[in-house]
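Single chain ahead, written as structure tokens, the form predicted on its own.
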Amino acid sequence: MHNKTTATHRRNILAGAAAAALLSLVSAGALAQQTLTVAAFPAVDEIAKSAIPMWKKKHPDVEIKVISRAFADHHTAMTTALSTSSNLPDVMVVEYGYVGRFAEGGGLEDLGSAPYNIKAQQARFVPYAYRQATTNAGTVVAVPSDIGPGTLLYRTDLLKKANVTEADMTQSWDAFVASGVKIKAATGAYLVAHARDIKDIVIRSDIKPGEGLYIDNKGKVLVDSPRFVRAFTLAKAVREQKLDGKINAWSNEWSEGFKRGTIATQLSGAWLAGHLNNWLAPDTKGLWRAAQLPEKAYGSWGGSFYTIPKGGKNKALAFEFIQMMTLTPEVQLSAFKSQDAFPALIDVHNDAFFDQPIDFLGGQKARLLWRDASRKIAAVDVNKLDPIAEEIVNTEMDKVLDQGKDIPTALADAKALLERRVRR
């Protein structure tokens, strides 16, 4: 009891000091401008807009302007803004894959240091998400908002017709591919939209601490490691057995495949269940279920982070807004309920909402499944070259799938090219 009281008192002192420091920034002129700009992509933009009434209760004199762009356009615009130090928003939302690139560019505030001191709140976030926001040097460049625990979504009607069970598919990755052969023979449906999908999730699964996705914390390129060999081999097996439709994600053909039942499964982040329900294939309600990934693999797929550009003008207000979006249970739960943004804030992970059945998934309590996954996903180091590495690896993956390039040569070529970028 004594220790708890002392700790609470200490936290209050630290919080008071941080507030005083932030207030000094405000008094220095940050409040002179009464509009706070927030740049975001769908559906984080909607989440930010929905929080404006809460913000206005505390700051009736400060408007929130949400600048919304499509996902790719947003990150292109933010890349340009950071590199030119022009047209910078006060708050910048960044998807997981871009955190490393933006952080290493040196254009983001260190939110772990004074006056922000977000490190004091570290224990409140899903550990792997907080780690994703931290550079190898220990700089905390972002605050996690939502996460994407990897999951397997599958059509029950197609599996039943093929006499395939969830257990058949998930016991191993090889069993998953073998199940696809049965599903294709019995229903004509593809196992996955694109063979690349299985590569994407396997390279993100069961990554060891200190081991980045493509490059480890010592700068070693990992794209020829057994993890990538396995991922490429499985993807090639899918293509050779004609188990994928060569359909790219977010295309019209992709959504039509879900609507018409020509795609039996999708490996993705948990957030995809919400997209299927809300706009991709709402008429398939009740036909889908969620499962953990095959072979008891656990991996992260996406996630949103709030950052402050160093060139931003209203940093104190920006951080206050970020705290409201990431540390307020009410806001985090509201985003989960309205946009299926799985909370990065652990405080809300025992809320009754997690126990509720999901109608689109036939009444399955899938949020508990995804919460369990979130607790088992290892933290992955981010690297500024992650987006470039992804492009390089995907190019070689396509050469394997479409041109018959052998896997060892493809991965060796990817490694050589990426190592040249690392040495620059």
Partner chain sequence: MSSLPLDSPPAAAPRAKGWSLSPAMAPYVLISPFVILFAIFGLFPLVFSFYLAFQSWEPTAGLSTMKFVGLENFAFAITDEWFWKSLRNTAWLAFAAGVPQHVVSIPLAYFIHTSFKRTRNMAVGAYFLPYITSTVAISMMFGTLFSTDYGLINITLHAMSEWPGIGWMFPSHPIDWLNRAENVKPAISMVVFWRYVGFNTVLYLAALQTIPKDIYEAATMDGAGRWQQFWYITIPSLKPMIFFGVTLSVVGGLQLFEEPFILTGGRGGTDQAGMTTAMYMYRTAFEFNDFGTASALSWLLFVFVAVLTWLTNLAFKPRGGSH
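C-alpha atoms forming the largest set that superposes within 1.5 Å between two forms make up the rigid core. Residue numbers count along the first chain shown, from 1. Since this is a predicted model, take the numbers as computed values, not measurements.
The form predicted together with the partner chain exists for this protein as well; it is not shown, and the discussion that follows is about that form.
> So in the model of the complex, is the partner chain close enough to residue 118 to count as touching (4.5 Å, heavy atoms)?
So residue 118 does not count as contacting the partner chain.
> May I ask you to check whether residue 102 falls inside a 4.5 Å heavy atom distance of the partner chain in the model of the complex?
Residue 102: yes, in contact with the partner chain in the model of the complex.
> If we define contact as a non-hydrogen atom of the residue within 4.5 angstroms of the partner, is residue 372 a contact of the partner chain in the model of the complex?
Residue 372: no contact with the partner chain in the model of the complex.
> Is residue 36 close enough to touch the partner chain in the model of the complex, meaning at least one heavy atom pair within 4.5 Å?
Because no heavy atom of residue 36 falls inside 4.5 Å of the partner chain in the model of the complex, the answer is no.
> Picking from 215 to 223, 150 to 158, 276 to 284, 260 to 268, which part of the chain touches the partner chain in the model of the complex when contact means heavy atoms within 4.5 Å?
Going through the listed ranges, the match is 260 to 268.
> Would the partner chain in the model of the complex be within 4.5 angstroms of a non-hydrogen atom of every residue among 59, 323 and 381?
None of them does, since no heavy atom lies within 4.5 Å of the partner.
> Only one of 358, 51, 392, 377 has a non-hydrogen atom within 4.5 angstroms of the partner chain in the model of the complex; which is it?
Contact check passes for 392.
> Report the residue, out of 82, 201, 316, 111, that has at least one non-hydrogen atom within 4.5 angstroms of the partner chain in the model of the complex.
In short, 82.
> Since the partner is left out here, which residues of 38 to 73 would have a heavy atom within 4.5 Å of the partner chain in the model of the complex?
Sequence-ordered list is empty.
> Look at residue 81 and decide if its Cα position differs by 2 Å or more between this form and the one not shown after superposing on the rigid core.
Passes the 2 Å threshold, so yes.
> State yes or no: after fitting on the rigid core, is the Cα displacement of residue 72 between this form and the one not shown at least 2 Å?
Yes, residue 72 moves 2 Å or more.
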